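A single chain, nothing else alongside it, follows as structure tokens in the form predicted alone.
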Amino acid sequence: MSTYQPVKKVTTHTLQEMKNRKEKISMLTGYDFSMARIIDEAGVDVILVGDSASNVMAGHETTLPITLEQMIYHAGSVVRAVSRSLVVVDLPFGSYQGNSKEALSSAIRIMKEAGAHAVKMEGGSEIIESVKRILTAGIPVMGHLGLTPQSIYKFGTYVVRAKEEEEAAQLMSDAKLLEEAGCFSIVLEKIPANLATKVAETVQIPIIGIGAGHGVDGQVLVVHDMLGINNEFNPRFLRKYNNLHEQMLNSFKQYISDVKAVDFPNETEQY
């Protein structure tokens, strides 16, 4: 008798059920096939193909330079690796702001060419027309409020957002607006924990935090940061679960040493 158990895919509906029963949602970024396969195997609920690929994969200072074509490439690599996780893909800077027709075209390309399950967009009232247009095509949308890295030159800094009453009220208003439009979830980045908790308690859809405290419905981290591959980034909200920078560096040094000493390959490692 077969013991095979089909893997139950995580969907937007799954995330809503998790919030309803107060089960926390786990989310990590992923940009390539090999890493995404391990993340998926571990049981992470959501893999975000983040425009942070601009930083960690391509070495840019900001997320702005990455193109739609590059996001489709990374997203397709991740989608081919997963059997369980929900794959959400960032719409990159310039592919949706100010033009809802272009926004829909960008989202359709990500869904068709990469096989993604949903898209993510930064902003509230200023991008709501684009959000609504994408949703009318049946494409799930995850929102993103608080510190929105695509707007870094407007903010001029990566400091905590929404500490002042006016900005906090605007964030709450935007969260409700995104929910009413039909977004299935919202990421809150680098905002006060008490505000994030209030948002999570006010709206019915799942709220995923990064630097937003534990009162939200789930957490997301950049995989290269939490693995300690990128050892230059040390914000308060980051917990490093490994120090792969040091481990990889030592492995590479040992390999170089073994090659130089003609210790690799040995007799059992050749034909």
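These numbers were taken from a predicted model, which means no experiment stands behind them. Note that residue numbering begins at 1 and tracks the sequence as displayed.
The same protein has a further form, the form predicted in complex with a small molecule, not shown here; the description that follows concerns it.
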**Asked** Between the options R161, K120, R133, H117, which residue brings a heavy atom to within 4.5 Å of the small molecule in the predicted bound form?
**Response** K120
**Request:** Counting non-hydrogen atoms within 4.5 angstroms of the small molecule in the predicted bound form, say which of V222, V203, I39, I66 makes the cut.
**Result:** V222
**Request:** Given that the partner is absent here, state which listed stretch (182-190, 100-108, 77-85, 123-131) has heavy atoms within 4.5 Å of the small molecule in the predicted bound form.
**Result:** 182-190
**Asked** Is V46 close enough to touch the small molecule in the predicted bound form, meaning at least one heavy atom pair within 4.5 Å?
**Response** no
**Item:** Close approach of I210 to the small molecule in the predicted bound form, 4.5 Å, heavy atom
**Value:** yes
